[in-house]
Ligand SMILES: Cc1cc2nc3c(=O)[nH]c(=O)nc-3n(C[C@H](O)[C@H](O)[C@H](O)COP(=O)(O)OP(=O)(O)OC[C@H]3O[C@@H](n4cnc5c(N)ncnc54)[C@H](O)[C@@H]3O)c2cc1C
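One chain comes next, on its own, written as structure tokens: the form predicted alone.
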Amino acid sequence: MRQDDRVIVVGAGPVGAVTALALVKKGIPVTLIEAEAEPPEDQRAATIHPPTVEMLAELGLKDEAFADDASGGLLSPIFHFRDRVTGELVAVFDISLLEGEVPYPFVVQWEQYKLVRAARPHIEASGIAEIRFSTKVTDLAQGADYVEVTVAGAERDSERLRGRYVIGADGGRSTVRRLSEIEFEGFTWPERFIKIGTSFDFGATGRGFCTRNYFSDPNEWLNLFKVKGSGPPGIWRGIMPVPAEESDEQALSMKSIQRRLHGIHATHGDYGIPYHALYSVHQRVAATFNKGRVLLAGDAAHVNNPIGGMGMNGGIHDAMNLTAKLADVWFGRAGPEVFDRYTRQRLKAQVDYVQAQTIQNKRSLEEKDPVIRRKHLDELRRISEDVKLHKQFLYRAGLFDSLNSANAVE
């Protein structure tokens, strides 16, 4: 292929990998660039909502996602809302109620690095893709019919890569977005979040935990999820807030980490901790997702708090929307103005649904007023016990509503 007859995708995380795979499946040559030496074993997102499961199946990743061994995910139709203060199980939601209405009535708990590993062989087997690791973008320029990216690698001198379009899927600190001078509007939460992985099996405590649990607590809310990890017994992930007055050093000390886990379930001895991480949390959306021949997807275009598991899913929805429109432009079925529609559609999905819902999720879990808190918990129970309302809740929480509403935008 001619070196300028391609799309350059920057970032080989889950959104970049899905973008590259979707493009090559449409016959569009791709160069996929990643700053790291190899795809990192990143222990961030893991929840794949039902509409996203359908998209991954369309890309040929169903067998990998459903694999019985550690490379696959956990099929999880049930999720709980619990009151951490009293131990009360407030509401049980069951996605299998949508059986016959949607193709995949369950979530797949599949770590994002496993998704990337599954996509990579398909990309490489296409014969029209090049993957470059240890390659950082340092500059970017656009012409009338091309975009040029300057890159530097650990074993290469600086060089220029030319393509028809560049897609920035390079995360919340996107170099592509910065070089394109696209504003990233929003705010950062004052507290940080800590994620702690443990090999301890909370499912064997007799407390009835399922694979996805949301705990309301005015002092320390909790998300508790299970993934397969590297194999049995799997890994349970706890995500909790770290107050602004607690230093990074204090939060990351093993004493504090053990305290937080023993606060979930007191047990003898220390918990096994395969990984933990502390991070700042943002709610931000790019002013536009397209600027000339530069296009943004995933965290490069929008970031949100992880409560509800909507970030990676929204990014994959970006990728599928964008690659369909790019194929229409590439093969002469549409003009570049369709990229403006991409921005309109995916901005609506973010602003009206993902940003609004994740902010509400956090505020509901951390509500301190006992009257408001009780009212919210009672409402969750009422919704879960009414089949019609239960289904409506599932359609919104599972991003069906977000996807359908966005796709209807002209």
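Computed from a prediction, not measured in an experiment: that's the story for all the values here. Start at 1 with the first residue shown and count on from there.
The form predicted together with this ligand exists for this protein as well; it is not shown, and the discussion that follows is about that form.
Here is the short version: of 163, 306, 241, 73, the single residue with a heavy atom within 4.5 Å of this ligand in the predicted bound form is 306. Checking 331, 275, 187, 279 for any heavy atom within 4.5 Å of this ligand in the predicted bound form turns up a single hit: 279. Taken together, the three residues 33, 36 and 137 all come within 4.5 Å of this ligand in the predicted bound form, as judged by their closest heavy atom. For the chain shown alone, residue 40 is a contact residue for this ligand in the predicted bound form, at least one non-hydrogen atom being within 4.5 angstroms. Using a 4.5 angstroms limit between non-hydrogen atoms, residue 47 touches this ligand in the predicted bound form. At the 4.5 Å threshold, heavy atoms of residue 312 reach this ligand in the predicted bound form. At a distance threshold of 4.5 angstroms between non-hydrogen atoms, residue 283 is out of contact with this ligand in the predicted bound form. Partner contacts here mean any heavy atom within 4.5 Å of this ligand in the predicted bound form, and among 335 to 343, 84 to 92, 170 to 178, 140 to 148 they occur only in 170 to 178.
With contact defined as any non-hydrogen atom lying within 4.5 angstroms of this ligand in the predicted bound form, 112 is the only contacting residue in 91 to 118.
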